[in-house]
Structures are given as C-alpha cells and as structure tokens.
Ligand SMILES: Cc1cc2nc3c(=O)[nH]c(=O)nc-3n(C[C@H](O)[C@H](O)[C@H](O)COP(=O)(O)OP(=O)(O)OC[C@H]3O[C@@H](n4cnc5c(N)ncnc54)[C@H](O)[C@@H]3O)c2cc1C
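In the form predicted alone, a lone chain appears below as structure tokens.
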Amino acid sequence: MKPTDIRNPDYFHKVVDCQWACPAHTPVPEYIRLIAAKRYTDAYLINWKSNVFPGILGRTCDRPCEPACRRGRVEEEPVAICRLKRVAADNKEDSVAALMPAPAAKKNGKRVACIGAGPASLTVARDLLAIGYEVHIFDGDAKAGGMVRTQIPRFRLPESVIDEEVGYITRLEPVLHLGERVDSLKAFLAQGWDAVFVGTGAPRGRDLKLPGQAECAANIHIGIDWLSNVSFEHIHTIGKRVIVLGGGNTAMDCCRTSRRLGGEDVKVIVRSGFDEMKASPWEKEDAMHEGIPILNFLNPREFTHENGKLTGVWFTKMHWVEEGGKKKLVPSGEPDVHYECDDVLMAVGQENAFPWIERDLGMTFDKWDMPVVDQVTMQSSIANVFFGGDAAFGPKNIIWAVAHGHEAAVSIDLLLTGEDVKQRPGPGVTIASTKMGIHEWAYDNDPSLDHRFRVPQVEPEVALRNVKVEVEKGFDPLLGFKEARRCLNCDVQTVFAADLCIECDACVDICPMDCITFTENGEETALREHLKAPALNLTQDLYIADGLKTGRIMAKDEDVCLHCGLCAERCPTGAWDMQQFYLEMTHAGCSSAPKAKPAPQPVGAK
C-alpha cells in the first residue's frame, strides 16, 4: 500500500466520523469539549457558524452524526451529539448576539432574492448578508422559518426557540417580504435580480385517493397540511379514534399531536415492516412511549363511511417476498382487516410542487418534473438561479437544508464576483500538537465509561394535556457534562513520524485496541487480514507510514482507535504525537482563498 498522505484535508476529516457524516460538517468533538469545560457560548458559536440553528437542531435534527459516532463501535449507543447541541443553546450567555457578525457596513451593490423563508434560504441570507449583499426574502407566511415553524409540533420545538434563531439572521437586515407569495418565476426574474435562490421546500403532501375518500373527505386530512393548521391554531380538536397512515417522522408528529388534541385511540398503520419505516428510531420510541401502537404490514385499500361520515378503513395484509433477488411487498393472501376511526391523517410522503415555474423559461426539468440541480454547486440550468433544501432534491431534513444553503451561498458569491462556481475554495484546516508534557495533553484523554444518558422528559399526564408543552427537558449542565465526557476526541489524531521510530513495539504492546502493527507491506486486502487485529471496516482507511529503518511499514486501523494517547505516552522517541485536527468548511466570501489548505507535516517528520 502507498503511504497515507495526511496532508489531504479529507484524510483526518474522514476519521472524525461524526463531522464527516454531518452534512454541514460541524466540528462535533470541539464543541463537545467546550461543553465539558462549561464554555457554552463558545460551543454555541461553533455550531452557529456551521449549522446555523443549534437550538432548533438540538431538538429536531435527524442526527446523521450519531450512527457514525465511534463510541457506537465500542459499546451499544453513540454519544448524544444532537442533545448536547441543545445544552450549548440552553446555557449560552444572553450576550451571544454581540459575538455574531454585525450587518455589513457597506453593501456591494448586488441584489439576491431568496424565495421561501425556510432554513435553506435563511442560511443563504445569513452567509451573504455578512459580506455585503442585499438579500430579499419572500414567503407567503407571516413569519420566517418555513416548515420548521409550520410543521414541527410545539411540543418538540417551542416557537420561542424559532423566533430567537431566526432573529439572529434577521438582525443582519435582510429585506423581508413576508405574506408575499411568488406565483411566477418568469415575472420574478424580470425584476432584475443578480441571483435567485429557491428554497420553497416540498409543500405538497401525497394523497392516496382511495375508494370512499370523496364521500367522507371532511374527516380525511393530509398530514403536513393538518400539522400546519394546528401550528396556526386553526385546528384545536380531533376525533377520539384516529388512524395515521404512514411510517415517517411526519406520521410520528401527527399521531403525537392527535393524542394532545383529544385522540384517545390513536394508531399508526404502516404498509411496510417496523424496521423499514422511515421514521427515526427515537421518533418511533417517543410515539410508543405515549401509548400509540404501530401496526405494520397493512396497506389501506378503502375508506368506509355511513351517511357521509367516516367510519373506518379496510386494510390488506402484506408481506415481503424475494423476486429477482430483490425484496418486494405483496399481499399475503390473508383476510383483509377493518379498523374503525373518526379521523384519518395521511402522512405517506411529500412532493415538490413547481406550478409557478414556467416551463418555457429555459430551465431543465427531469423525468420526475423536478428542476435539474447540480449536487455540489446547487445551480440550475439557468446560471443565476439556485435551489436548496427540499426544493432541490426532495424531502430530507433541516441539516441538509443548511448544508445546501452554505453551498449555494458560496456559488452565488463566486458567480457574482466573476469566478467559476465549480472551482470551489477548499476548507480551512489546522493540525497542532496537544502535547503539554511527557504524559500531559491539552485534552482529556480518559473518556468516561458511562453508558448514554437519557434526556429527562415531562411526565406524560402533563405533556399530553397541551400541544405546546415541550416534552423533552434537555440535559441540565451536570448531565450535559457527563454525556460530553463520553466523547472519544476523534479529532485528536495519532500522528506518526517514521524517522523518529526505533521499532521497539512499545506502542503495539500498550495499545488497548490492537490497532497498531509493524509489518511487511502488501496489497490492502491481504494486509487488512494480517494485522495484529484484522481491519474489517473497509469504509475506514488504514493509516500507512513507510520510511522505517527495517523497510517495514507502520499500519494503523483507524476504525477502532480510541484516541487515548497511550501510544504517544509510551513512545520513548516521540515518534507518536496526539495532534488536534480542525476543519472549517468554506463559507461565502472565501472566493479568493486557496483551493485547499494542506495540513502541515507532523512534528518530527521530514
């Protein structure tokens, strides 16, 4: 194998699995260490620069970082990364706004319009306003926030948190056009904007249109529309017997909201199996904790009614079969089942709707009638029109919308400063030794052995009485400290300098995970099998260093390394060092930055 080029910013970035998995690439271990040190404001600001909405995401993020967390490889549950974000938000100083960028003192003369006031558009606005752009935000609703405000129930996300974090952006002085819906992109472009960003979400819920639906339509609701009506306080009650169709997070929000609005017998009924449901595991757990059963392998086929009133739903039983090497859901042949109900909420998916984009504009649409959008630049086939969030590639979640917003802002800045949107500046990278003494480090290399702590919740008898009572209390500072200490500091890298090594094998002997091997070089497949402990995770690279006096190589399995620093403490020559790697993603305004910042060579290396 070739030696590892640790100067490549992506190498150590990929070792920080949580940051690598986060679409916005938030420096997770760094802000967790700050929480452990009670530096909540600093932790909040690191989050705010990357993911823009720490308090919102600390309650609602889909947590792509947590399945990647290295702690989950050495015990059952990962660090509660998402809920630690909320710890920073809940405990930051009130003066945090004073530490954020002020409105630009001078405008650059460029006008950018954001259609939609959701998280993607707000991210674009935040990034561009700070560097002198005049940004206008249009939305049909009376308040900014988009689906974050209208479709996430208040028992998960209080409106005060939305107001606060949207306020950090509006203080940068965008021109708000709230209550103004854009009905024609052609007419809008004719207004002479330098660039337009479309962040309108996926506003249309899918409708099953089953037999019997028209006859009892008053009691059959599209889930996302119903949630919006609850948020706007247009709906206050629901029938006692409720069926929620669908297995995603919207279905979980619908069933839990129904319990708070008078639903006594609320069921979630899903066509697929429990494990195939799109809802996050914790969302399913929260619903079941509130006494809501989830019934699987039932496909709705017909609504029943009497004198124009809904009485129930017929379901066909389903099961998986193998067909052509693929699993397929088909009817099981068992008798259909009927469940009585007073109301049905359909949460079977969301769709994009672009009736306001004329098809003669020159914009390219794909076979699903979606605008063709570059997945890196977020640019459409019209050079100055960009998309992001659910409007770009279909429904995802808030953190993806933020990531799209950052990338679109970079592209808009490159375009409007006359540069190539595809030649994107590289991230900012630093790597520095944490050595303070022979056996002392500038970080705590003795992580806690505690198992994951549970977030305290309000008692069900209180929570279920009011749709606005927040269920999760969040970690208090003590629990936040204890959970933070479970982090394995994956951004503090074991960096090896071969020219200092005397091949005494002291590091091999002391490594608790048997992840270091000195051996003859070879092809990767064979080498992985013949290390001291076989390296079985092919998605995680091996760290290879040559230049040893014996001609052998050092091979380290990054997959199971605990970053404990014992190898560096034991090494008599200083060939091993613990160096903190910090990667900060490129934001708009860095168009003149170098295309990549290589990490420096390790201490002692030639």
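Heads up: residue numbers just count along the shown sequence, starting at 1. Keep in mind that this is a model prediction, so the values were computed, not measured.
Here the subject shifts to the form predicted in complex with this ligand, a form of this protein not shown in this document.
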- As a check of understanding, the residue in Ala195, Ile269, Val313, Leu227 with any heavy atom within 4.5 Å of this ligand in the predicted complex should be identified as Leu227
- Message: Just to be sure I understand the contacts: of Asp141, Glu164, Glu351, Glu173, which is the one whose heavy atoms reach within 4.5 angstroms of this ligand in the predicted complex?
- Response: Asp141
- Region of this chain that lies against this ligand in the predicted complex, out of 465 to 473, 388 to 396, 86 to 94, 526 to 534 [heavy atom, 4.5 Å]: 388 to 396
- Message: Just checking whether Thr517 would be counted as a contact of this ligand in the predicted complex - the rule being heavy atoms within 4.5 angstroms.
- Response: no
- Message: Is Gln151 part of the interface with this ligand in the predicted complex - any heavy atom within 4.5 Å?
- Response: yes
- Message: Given that this ligand is not shown alongside this chain, does Asp541 nevertheless sit within 4.5 Å of it in the predicted complex, heavy atom to heavy atom?
- Response: no
- Using the partner position in the predicted complex, report whether Cys341 sits within 4.5 Å of this ligand, counting heavy atoms only. no
- Note on the structure: Across 165 to 196, the residues having a non-hydrogen atom within 4.5 Å of this ligand in the predicted complex turn out to be Glu180, Arg181, Val182
